[in-house]
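Okay, so here's just one chain, in structure tokens, the form predicted on its own.
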Amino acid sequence: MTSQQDLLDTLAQVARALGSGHRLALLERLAQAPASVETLAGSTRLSVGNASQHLQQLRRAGLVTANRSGKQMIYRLTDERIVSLIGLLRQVAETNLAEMERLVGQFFADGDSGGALEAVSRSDLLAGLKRGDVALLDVRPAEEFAAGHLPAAINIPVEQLEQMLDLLPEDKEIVAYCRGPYCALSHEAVQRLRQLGYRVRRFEEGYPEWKAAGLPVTSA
């Protein structure tokens, strides 16, 4: 006969699967688009073997699934709510762990002693888009942008920024976004563009959080 403890033990399988920074990084990457183990290993700086082991643990916990495409296994999130779950973990940690608060403060203070890189909230971004005075800049790699992005966003991977400045409007504030709240790509893009005189801020969330909130997205 099933007991409450059986249910809680099963629930704990999900918690254990989330108990690794590497596995959270893999989930963050899969929140952008499905990918092969080779792609996932490269984007998370893991060996293919190590990434594969972490993905198997995520599969056993029901967090990712995989389908064969030719000779490759393509992994994807099983549920959009996984993005919201990770978001809740982040919020709890930032609110209740002094070490997390310290690390976040250090991460975003780098090169921003005056606080110029203060992030744009979701509500403020929506208001700016409605007024038509904001342009969206997606600084993720092109393949992630093609899989899904915020409507009307301009894609310039951060390493190509200086070569593609002619794509950016000069009469609007630019809001840069990338993979999520801790993605350094948008932070770097804002720093570079501010040095060049652009009016620019970063979105405090990212593509996965926007999509998980039920807001419109499009794909190439």
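Residue numbers run from 1 along the displayed sequence. Nothing here was measured: the structure is a model prediction, and the numbers come from that model.
Omitted here: the form predicted in complex with a further copy of the same chain. The next part is about that form.
Trainee: For the chain shown here without its partner, which stretch in 141-149, 120-128, 67-75, 89-97 has non-hydrogen atoms within 4.5 angstroms of a further copy of the same chain in the model of the complex?
Mentor: Among the listed stretches, the partner-contacting one is 89-97.
Trainee: Hey, in the model of the complex, does D79 get a heavy atom within 4.5 angstroms of a further copy of the same chain?
Mentor: Yes, D79 lies within 4.5 Å of a further copy of the same chain in the model of the complex.
Trainee: Report yes if any heavy atom of A212 sits within 4.5 Å of a heavy atom of a further copy of the same chain in the model of the complex; otherwise report no.
Mentor: Close contact is absent here: in the model of the complex, A212 is far from a further copy of the same chain, nothing within 4.5 Å, heavy atoms only.
Trainee: If we define contact as a non-hydrogen atom of the residue within 4.5 angstroms of the partner, is E28 a contact of a further copy of the same chain in the model of the complex?
Mentor: Yes.
Trainee: Spell out, yes or no, whether the shortest heavy atom distance between C183 and a further copy of the same chain in the model of the complex is within 4.5 Å.
Mentor: So C183 counts as contacting a further copy of the same chain.
Trainee: Considering a further copy of the same chain in the model of the complex, which of L55, L40, L63, V190 comes within 4.5 Å of it through any heavy atom?
Mentor: Only one listed residue qualifies here, and that residue is L63.
Trainee: a further copy of the same chain is absent from this chain, but in the model of the complex, do A35, N155 and Y198 each have a non-hydrogen atom within 4.5 Å of it?
Mentor: No, the whole trio is out of contact, none within 4.5 Å by any heavy atom.
Trainee: What are the residues of 18-56, in order along the chain, with a heavy atom within 4.5 Å of a further copy of the same chain in the model of the complex?
Mentor: In sequence order, L18, G19, S20, G21, H22, L24, A25, E28 come within 4.5 Å of the partner.
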